[in-house]
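Shown here is one chain on its own, the form predicted on its own, set out as C-alpha cells.
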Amino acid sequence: MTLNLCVLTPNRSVWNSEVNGIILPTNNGQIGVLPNHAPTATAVDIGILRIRLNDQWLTMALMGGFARIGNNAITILVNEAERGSDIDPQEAQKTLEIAEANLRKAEGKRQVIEANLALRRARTRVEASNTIS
C-alpha cells in the first residue's frame, strides 16, 4: 500500500507521486506517515523531508509551510523545497559558511533573527545534500 505525496511551492510542483512513507519535520518534532495514517493538518518546520520510495530513502530540504494528511494522500505546501539530489554539496557548504559569518557579525535583534533563519536554511540544505540512501 502506498501514499500519494504532493510537495508544492508557490512557483512549482516539486514532487507528485506515490511513496511508501515519509518522515516530516514539523514545529513539534518529526512525524512518520505510513498508509492509513489518521487525518492531520500540521505546520511544517525548516528541515529535511525523508521519503521512503521502494527500498531507498530520498531527502528534500523544506523551508517551512503546512501539510495535510488524509485518505492516503499527503499535500505539503511550503515556501521553498529542493530535492537533496539537486543540491550541489559544495555550493551548499559555501552558503553555510557565509551564513555562519553573517551571524557572527550580526548586530541588533532583527539582524540576529534573520541571520539565524538563514543559518537554519543553509544547514538544512547541507544535510539534505549529504544524506546517503
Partner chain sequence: MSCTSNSVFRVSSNPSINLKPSISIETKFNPFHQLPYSSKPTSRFQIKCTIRKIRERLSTVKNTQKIAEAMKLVSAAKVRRAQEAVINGRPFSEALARMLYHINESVQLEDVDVPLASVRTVRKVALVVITGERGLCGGFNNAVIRKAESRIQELQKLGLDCTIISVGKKGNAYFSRRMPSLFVDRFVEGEGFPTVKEAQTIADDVFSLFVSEQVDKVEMLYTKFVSLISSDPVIQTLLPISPKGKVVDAYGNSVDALEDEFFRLTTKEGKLAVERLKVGKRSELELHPLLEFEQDPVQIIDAMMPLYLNSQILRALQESLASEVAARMNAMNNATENAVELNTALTMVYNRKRQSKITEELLEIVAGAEALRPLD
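Model, not experiment: these values are computed from the prediction. Positions refer to the first chain, counted from 1.
From this point on, the text means the form predicted in complex with the partner chain, which you will not see here.
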> Even though the partner chain is not shown here, does it sit in the model of the complex so that Pro39, Gly64 and Arg110 each have a heavy atom within 4.5 Å?
Replying inline: yes
> Does the 4.5 Å heavy atom contact test between Leu77 and the partner chain in the model of the complex come out positive?
Replying inline: yes
> Taking heavy atoms only, is Lys94 within 4.5 angstroms of the partner chain in the model of the complex?
Replying inline: no
>> Residue-level question: is Asn11 within 4.5 Å of the partner chain in the model of the complex, judged on heavy atoms?
In response: yes
>> Can you tell me whether Ile98 touches the partner chain? I mean in the model of the complex, with a 4.5 angstroms heavy atom cut-off.
In response: no
> Using a 4.5 Å cut on heavy atoms, which of Leu53, Ala106, Leu34, Ala43 is close to the partner chain in the model of the complex?
Replying inline: Ala43
> Pick from Leu58, Ile69, Ile48, Ile87: which has a non-hydrogen atom within 4.5 Å of the partner chain in the model of the complex?
Replying inline: Ile69
> Does anything in 20-35 come within 4.5 Å of the partner chain in the model of the complex by heavy atoms, and if so which residues, in order?
Replying inline: Thr26, Asn27, Asn28, Ile31
